[in-house]
Every structure is written in structure tokens, then in C-alpha cells.
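Only one chain comes next, encoded as C-alpha cells, the form predicted on its own.
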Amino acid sequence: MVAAAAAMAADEAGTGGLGCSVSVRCFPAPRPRSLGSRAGAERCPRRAGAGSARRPVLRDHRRGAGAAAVVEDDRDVPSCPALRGHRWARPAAVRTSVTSRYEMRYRSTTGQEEAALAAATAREADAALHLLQDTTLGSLTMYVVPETSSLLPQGINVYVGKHRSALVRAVGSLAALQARLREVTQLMSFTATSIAAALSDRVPDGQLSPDARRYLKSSLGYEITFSLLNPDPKSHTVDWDIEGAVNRYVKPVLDKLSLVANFSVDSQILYYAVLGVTPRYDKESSSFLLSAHSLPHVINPVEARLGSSAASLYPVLNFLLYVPERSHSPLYIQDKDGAPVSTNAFHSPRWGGIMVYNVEAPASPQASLPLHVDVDMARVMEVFLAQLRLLFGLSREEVPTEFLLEGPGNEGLADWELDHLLWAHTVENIATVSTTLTSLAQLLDKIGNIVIKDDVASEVYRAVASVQSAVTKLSLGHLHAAFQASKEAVTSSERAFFDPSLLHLLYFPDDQKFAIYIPLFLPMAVPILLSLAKIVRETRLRKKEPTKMD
């Protein structure tokens, strides 16, 4: 029964079985009072009068692993867009595929939205509209403003805010506007590239970009370690306010990422810890250089000194601040083209990042040592947070010049980027549960005499129910509920798979039993069998001899 349940979960999850079909449900956009005469979402919208000045707004209810952009409009619609959508399906592997679709509807803005759109700048309008929007995870609203609107800067036709909204200038024909809306929706939604990156372990190498396998895998928790490396404490006394920097810069980001996973932060200072690579001295610049091809050799010697991942149950993200020793200062990092890196830092996928912090040489050669160094934590944390975004796959792709993307601010990531991360982790969790339960089912089929305890069986059934719930809720567009169900499924499946009673070394196949016991009992059985044969022969001989009568 447990093996059958695990195999059924693999089919339901769609990975390793019949394929994963993740769909989205179209939710009708909330209607302003002026549109109360419309009966339902399926009716064709009526054309507004010529004097109507209300701007259409695109509400993109991006649910599940895709986007259902539902568009409603009261004017300038040549045909009924009741269910005008875009659907694509990309196979992630031979037997794995994820499907997403976009459905659009138009409606007119409300009076409150009109007042918010009358702000002086797009940033102020985005902040005002955020208070009027639906804050549900996975929702998106795009506002179409007139071509002559001064809300957007000159030459900018699309403004993407840091919440779940965008402003689009109505330039060109209706077809051009709809194409631009689709482009913005794809920019802010779950794309085929994101799906492939989430299922990177199931996608052949030729179908993925080089960066697809660089992102962190989904986990229930992450540990972040900030380390200060001072290889020359006799020359430098380094002071860094890591606690204040974490509270000011890192904590707002982790508070927002708390929906994705649990985070723990610690710090340490390591003395006499060198990079393990001798930098090259450049006479022209009177500095030391680390070339790009030498950077991979930096991590292993340093990681041996960290010791942070030895007793960790979760992935560890290492952020190292290296103050070069006096004999190798100043130290600069070069890229592949030999140009200096502006941030003087680099990151390693799924591991962390290292930043080199140079200390200004004393004005007088007779200056007393050690020199006191106060680290500029604002500059350091700006680099570390950028590396954290790269590790989670939140790097922003190149956009057309007419697009303006608002920075995430102190929170480190925009609301729509958080939804993007939840989609990716939900799909990845479902795939992980499918793989785990499939492996467990194969183990149970391979070892017929294995004993399944009641608590292990309950975990398997709980994982099956949770993954089925995650797939269902994802198809209905309930992003947060689907993600929570996928986390529960991962927890139950891992708990069942790694239960000590299911260790395969505790159970021996029949061929191994014969291989172990035959060499032990065969030498003992040979003399016993010979003795039995001798006794049988003697017994037969006695029976053949005639009985002597007195």
C-alpha cells in the first residue's frame, strides 16, 4: 500500500511519471460601481461614450506557475476579449512538462485609482496605487495611461514598480498595446526559462542556459554566515559593525523572504586566514591583481577555515569580507577581459561571495602598527545583498530601453519578484517530492521483506496528500497555499525516506544471503552429509545380512 501510494504521488506530481501539468484559473477582476450593469465576466464589455476619460487597467492575476492576466475594458475593444489568452507548454524533460497560460481582461479605473494616477511621478503613483490594490500573492495590476501623460518620463513607455503593478503608455495601435502588455506580463511573471531553472535537475544540459543551474535549490531553511578574514592582524585592526549592518540592511530582506524559507544569521572573524592564491603584482598600477581564472582556487582553502557547514542541516550561504595583508595591498579582482571589477568582489553559485576590502596605505612609512580600520558597512552590504539576489536567481534580465524598472529599495526585492521566487520553489518542491517518493517506491519494490512502520506509512500518506493538494491549489491559482502544501510534502517525504528503519543495509537480498551463508555452512555440511551417507549404507547392509537363528 505504501509503495502504491508513493508511485501514485509521482504520477500526481507529474515528474517522473505522466508529466507535470500546472495550470492557472482565471479570476474576474473587481469591477467599479460604474460597471455594475455588466452581468458577468463572460459578457462582452460595452463601449464607453466618446467623452469617457477613464483609463483602462489590466489586472494580471498571476496564479500558480503562470499568469492569468484578465483584461476588461469599456472602450476601444473591437471584439469580445472575454477569454483572450496566451498559452505555452515547454517540455522540461522527456516525461516532464509544465504548462502556463495568460488570459487578459480589461476594465476601467476607479475614482480612487484616478486620483492616485494624478501624482507627479510614477514612483508616487505606484506607492499610492499599492494601497488600493489586491495584496494577494501572485496578483498583478497594469495601468494603461494616455500617450500624452506626463506621469512617465520622456522616452519611457513602461514603468514597473516595486509592488505588483506597472504603468504602460498607450502608444500606437490597440494591437501594439496588447503586444506590449504581454511583454510586460512575461517580464513580471513565471516564464519558460524560470520553469526550466526550477526543474534544472530534470532538464538535459543542452536545453538550459549556463546560469540555469547556478541558483540555490529550494530548501526549508538557509544559514547565512558573514565572515571577516584578517590575514595580517599585526598590521590591521579591523572593526566592523556587523550586528548593526544586519539589522539595518539584511533583516528587511530576510523578513520579506521569510515566506520562502527560514533564515538564520551568524558572523565570525578569522585571523591569519589567507586566500591560498598568490596575487600577481602589476608594476603599472603598483597593485596586486587576482585574475578570473585564479578565483576558483580561492574558495577551497578559505572554506576549510570556515567550518560553518559541518553541522548544518540547511544550505549555508557564505559572505566573506577579506582585508588583504599589508604585503599584498592594494588587491584588485579582474574579470575575464582583464578589466578591474568595480565592486572588487565575486560570487560562487550556490556557495556565496567574497569581497576584497582594501585599506588605504598610511601617509607616513613610520606609522605605528597595527592600523585601525573602520569598515564601511553600507558599501559592503550593498555588494552582499546583490550577491544574495544572484544566488536566489533574482537577477534582472536586460529590458528594452523604453522600460524603467523601479529598484527594490531597502527590502532587497520587489513584491512581484517574491511571487516569482514562490512559483519557482513551489514547482521545484513538487518535483522534489515526486523524485523522493519514486525512489522510496523503488526501494520498497526492490526489498520485499522490508518492514514499514506505522509512522513511516503515515508520513508517506501525508506527503501524497500534501503534494496532491499543492498541485490542485497551484492549478487554482492559490500561490501561498500551494507553496505551504509543497513544503509540508517535502518535509513528510524526506522524513519517510530518511527514516532509520528503511536503511537498505539492514535488509539483505537473497543472493547476498546465499553468498554469506554458503561459505560458512558448506564446510560444516560436507562431513555431516558424508556421515549420514555412511550411516545409510551401513543400515542397508544390516538389513541384507541373514538373521542367525539359535
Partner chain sequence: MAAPEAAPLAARAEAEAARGGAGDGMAALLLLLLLVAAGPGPGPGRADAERERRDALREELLLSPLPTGDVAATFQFRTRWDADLQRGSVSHYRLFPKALGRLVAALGVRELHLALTQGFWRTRYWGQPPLQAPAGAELWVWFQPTVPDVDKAWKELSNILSGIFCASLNFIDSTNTVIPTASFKPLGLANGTDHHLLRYAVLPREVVCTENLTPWKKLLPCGSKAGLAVLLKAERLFHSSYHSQAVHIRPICRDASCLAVSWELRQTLTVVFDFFSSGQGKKDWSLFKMFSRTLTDTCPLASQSKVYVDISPKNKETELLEVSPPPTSVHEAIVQGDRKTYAVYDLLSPSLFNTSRSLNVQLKWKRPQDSSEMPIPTLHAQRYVGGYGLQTGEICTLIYNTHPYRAFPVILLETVPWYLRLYVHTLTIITKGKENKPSYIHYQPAQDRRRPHLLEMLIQLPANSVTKITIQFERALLKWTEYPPDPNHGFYVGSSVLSALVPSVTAMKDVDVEQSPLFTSLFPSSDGSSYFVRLYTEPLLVNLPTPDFSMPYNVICLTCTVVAVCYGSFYNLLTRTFHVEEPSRGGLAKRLANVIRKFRGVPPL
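A quick note: this is a predicted structure, and the numbers were derived from the prediction, not measured. Numbering follows the first chain given and starts at 1.
The same protein has a further form, the form predicted together with the partner chain, not shown here; the description that follows concerns it.
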Heavy atoms within 4.5 Å of the partner chain in the predicted bound form: does T109 have any? no
In the predicted bound form, does P500 have a heavy atom within 4.5 Å of the partner chain? no
Even though the partner isn't displayed, in the predicted bound form is S348 close enough to the partner chain, meaning a heavy atom within 4.5 Å? no
So, D335 and the partner chain: in the predicted bound form, are they within 4.5 Å at any heavy atom pair? no
Can you check 239 to 247, 473 to 481, 146 to 154, 276 to 284 and let me know which stretch has heavy atoms within 4.5 Å of the partner chain in the predicted bound form? 239 to 247
Which of V359, L117, L306, V253 has a heavy atom within 4.5 Å of the partner chain in the predicted bound form? L306
Just to be sure I understand the contacts: of P340, G221, G172, P233, which is the one whose heavy atoms reach within 4.5 angstroms of the partner chain in the predicted bound form? P233
Checked 412 to 438 against the partner chain in the predicted bound form; residues with a heavy atom within 4.5 Å, sequence order, are none
